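Only one chain comes next, encoded as structure tokens, the form predicted alone.
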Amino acid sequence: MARSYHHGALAEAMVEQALTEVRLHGADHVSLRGIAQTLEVSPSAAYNHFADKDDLLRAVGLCGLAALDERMTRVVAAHPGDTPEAARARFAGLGRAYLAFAIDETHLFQLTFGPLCAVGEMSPDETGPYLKLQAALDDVDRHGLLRPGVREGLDVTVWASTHGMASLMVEGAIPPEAGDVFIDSMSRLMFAEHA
């Protein structure tokens, strides 16, 4: 017998179930019909909420962004204060949080930053994680920690470098332990000698 869901609850349950399956097995193993079967609803009920599997996976990708943003929010909260030391710790911590997310949530990371979600509703520079990176860079710049003239465009460079490192770690080309070396190296390149 098919289950019944209150208005909107089925869509939420579908996203939660798909999120669980992506985390366990990856996006390739998710199917809209399979989700419907697991939730004991008809495929037509599932299609009332999501046009197709890609539509559902884009919703899961937004959950991935939210999960990364939550990790980064904890980093910011763990290093309060308006001091050069706090600003530097926030910057390094955000990088470590990004790398840890890629390792801890590999399948979700790959979906969230993969081609399917790249054409989603939200461009990366409007997301919480990207805004936190920009704020962290503005903070270290305001405290005079950056090398002169490097701030413009640095958010793109740092994001691209960190994402590349995360992807290499996920693919096994670089061991996860190299994450700290990467963050320290980035800091040496960016920060002024006296910082």
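The first residue of the sequence shown is number 1, and the count goes up from there. Just so it is clear, the structure is predicted and the values come from calculations on it, not from any experiment.
Below, we turn to the form predicted in complex with a further copy of the same chain, even though it does not appear here.
A.B. asks: Looking in the predicted complex, is a further copy of the same chain within 4.5 angstroms of a heavy atom from every one of Ala173, Met186 and Leu189?
C.D. replies: The answer is yes: all three residues contact the partner (heavy atom, 4.5 Å cut-off).
A.B. asks: Quick check on this chain: which one of Gly144, Gly164, Gly128, Pro43 has a heavy atom within 4.5 Å of a further copy of the same chain in the predicted complex?
C.D. replies: The option sitting close enough to the partner is Gly164.
A.B. asks: With the cut-off set at 4.5 Å between non-hydrogen atoms, does Phe50 touch a further copy of the same chain in the predicted complex?
C.D. replies: No, no contact at 4.5 Å.
A.B. asks: Taking any heavy atom pair closer than or equal to 4.5 Å as contact, tell me whether Pro80 reaches a further copy of the same chain in the predicted complex.
C.D. replies: Pro80: no, not in contact with a further copy of the same chain in the predicted complex.
A.B. asks: Evaluate Ala86 for contact with a further copy of the same chain in the predicted complex, applying a 4.5 angstroms cut-off between non-hydrogen atoms, and reply yes or no.
C.D. replies: Ala86: no contact with a further copy of the same chain in the predicted complex.
A.B. asks: Within 4.5 Å, heavy atoms only: does Val181 come near a further copy of the same chain in the predicted complex?
C.D. replies: Output for Val181 is yes: heavy atoms within 4.5 Å of a further copy of the same chain.
A.B. asks: Using a 4.5 Å cut-off on heavy atoms, which residues of 94-115 contact a further copy of the same chain in the predicted complex?
C.D. replies: Sequence-ordered list: Gln110, Phe113, Gly114, Pro115.
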